[in-house]
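Below sits a lone chain in structure tokens, taken as the form predicted on its own.
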Amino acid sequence: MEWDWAIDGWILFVGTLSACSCALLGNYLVLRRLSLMGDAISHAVLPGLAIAFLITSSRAAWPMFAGAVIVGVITALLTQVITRYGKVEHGAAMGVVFSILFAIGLVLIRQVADHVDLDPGCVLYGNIVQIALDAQFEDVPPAARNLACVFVLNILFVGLFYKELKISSFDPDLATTLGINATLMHYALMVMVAVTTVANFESVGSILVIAMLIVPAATAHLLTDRLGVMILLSQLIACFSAVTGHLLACYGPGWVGVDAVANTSAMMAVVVGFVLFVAIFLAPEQGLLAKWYHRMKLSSRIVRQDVLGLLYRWEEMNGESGRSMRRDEVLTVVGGGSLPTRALRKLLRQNEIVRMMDGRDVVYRLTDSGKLAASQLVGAHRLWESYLAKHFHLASDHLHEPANRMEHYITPELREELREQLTDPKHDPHGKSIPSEPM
């Protein structure tokens, strides 16, 4: 299809407004572990719509909007009441409330079904294409005006109460101590979520509303732990998803040889889900690849230290003039495979060990820098054994394993503190000498 700014421009504008307005409040829902509140409200507003029609006998926008918002706020209130006084987990409370209200809505809708045209597809996907048709009769489509007002209102809300929302989201008790009414901030946020959900509902449908309330903020939270940066990233992700989603809806089917146009709202939700999927793998700190890299880096460091400690104890036992430790003996203790082999290579590159030939056998010895690093490791091990024996009264045969695990995480500062608490011991509980700290 050909791009038409008169049509596609308004779709992009409204889609971006919708995504950004939902994502802005979604940051606080994610931090408060209330991510499904938007889903609950979007299901529970049905009785509000039905009651508004029964009272006014009209499908005018404002009565419908007011009824939906009121029921949305009631949903948040009932969820909080059930959680607090019914001792029910918050997710279960949301499920109870929105399922009951949704059922009530279905009963009420049956009473007005003959007078109301219900389109299930519109409920799921919205009617964002209708915005372009409205633009042919008005300079600015009503949906664009409404969503612009909601977005500005959300910006003002977050801007005016940024500190209060931040503190009450992370620590409600601290907020109360500082004179901030955490309960009031919670319900104010729920009111804004209800207003935003209902305002976006007709234009873009429940799928996009729920996706944008949760996914941009969750994605941003994978990328940063700073709230300000998280809000900015969520807005950028929401904008990218809205624009890319509409482009793919228009041109994506043609790229795969299908003569059709995909649903814009659904495609926007697909794009933001794909962005989350990418972040799960590539996030710099919390991504799967980053975690795998840090685990491998830690494992490699531990194996190198195990080799240094092994060679130190061997030379301590056999003396400087004793035979060096063979490669097969090292691998028998630290294990085979690629990780110990890479550890030996790196220790050689760092000049912490040297490799020599003893007849046909490859043997290893510590260099001066290797002895220094190994003495610190062994010293940490024996200090921790002494600490456990003194303060926890463990038997001598129960000291080695916990110290063997802990030795890799003891910093120089902790070693110094252990020496002070143990009054600078010279020997561990097994009678072995504790290496002194280098001057």
Partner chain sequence: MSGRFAGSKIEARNDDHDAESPLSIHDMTVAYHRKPVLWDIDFTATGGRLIGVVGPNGAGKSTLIKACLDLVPRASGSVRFYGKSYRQQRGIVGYVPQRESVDWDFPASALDVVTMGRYGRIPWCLPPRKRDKYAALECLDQVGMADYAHRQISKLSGGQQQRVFLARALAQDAQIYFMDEPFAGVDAATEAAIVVLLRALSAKNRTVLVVHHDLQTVPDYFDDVVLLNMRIVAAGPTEKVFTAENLHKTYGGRLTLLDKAAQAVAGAGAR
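Residue numbers count along the first chain shown, from 1. Here the structure is a predicted model, which means the values were calculated and not measured. Here the rigid core means the biggest group of C-alpha atoms that line up within 1.5 Å when the two forms are laid on top of each other.
Beyond the structure shown, there is the form predicted in complex with its partner chain, which is absent from this document and is the topic of what follows.
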>> I'd like to know whether Gln305 contacts its partner chain in the predicted bound form, with contact meaning heavy atoms within 4.5 angstroms.
In response: no
>> Since only the chain is shown here, I'm wondering whether Glu164 would be in contact with its partner chain in the predicted bound form (any heavy atom pair within 4.5 Å).
In response: yes
> Taking the shortest heavy atom distance, is Lys346 within 4.5 Å of its partner chain in the predicted bound form?
Replying inline: no
>> Can you tell me whether His221 touches its partner chain? I mean in the predicted bound form, with a 4.5 angstroms heavy atom cut-off.
In response: yes
>> Only one of 315 to 323, 179 to 187, 359 to 367, 236 to 244 has heavy atoms within 4.5 Å of its partner chain in the predicted bound form; I'd like to know which.
In response: 179 to 187
>> Considering non-hydrogen atoms and a 4.5 Å limit, which listed residue (Val198, Leu147, Ala76, Met230) is close to its partner chain in the predicted bound form?
In response: Met230
> Pick from Arg33, Lys390, Arg405, His398: which residue has any heavy atom within 4.5 angstroms of its partner chain in the predicted bound form?
Replying inline: Arg33
>> For a quick test of understanding: in the predicted bound form, does each of Arg301, Leu414 and Glu416 have a heavy atom within 4.5 Å of its partner chain?
In response: no
> Though the partner is not shown here, which residues of 65 to 95 have a heavy atom within 4.5 Å of its partner chain in the predicted bound form?
Replying inline: Lys87
> Does the C-alpha of Leu178 move 2 Å or more between the shown form and the other one once the rigid core is lined up?
Replying inline: yes
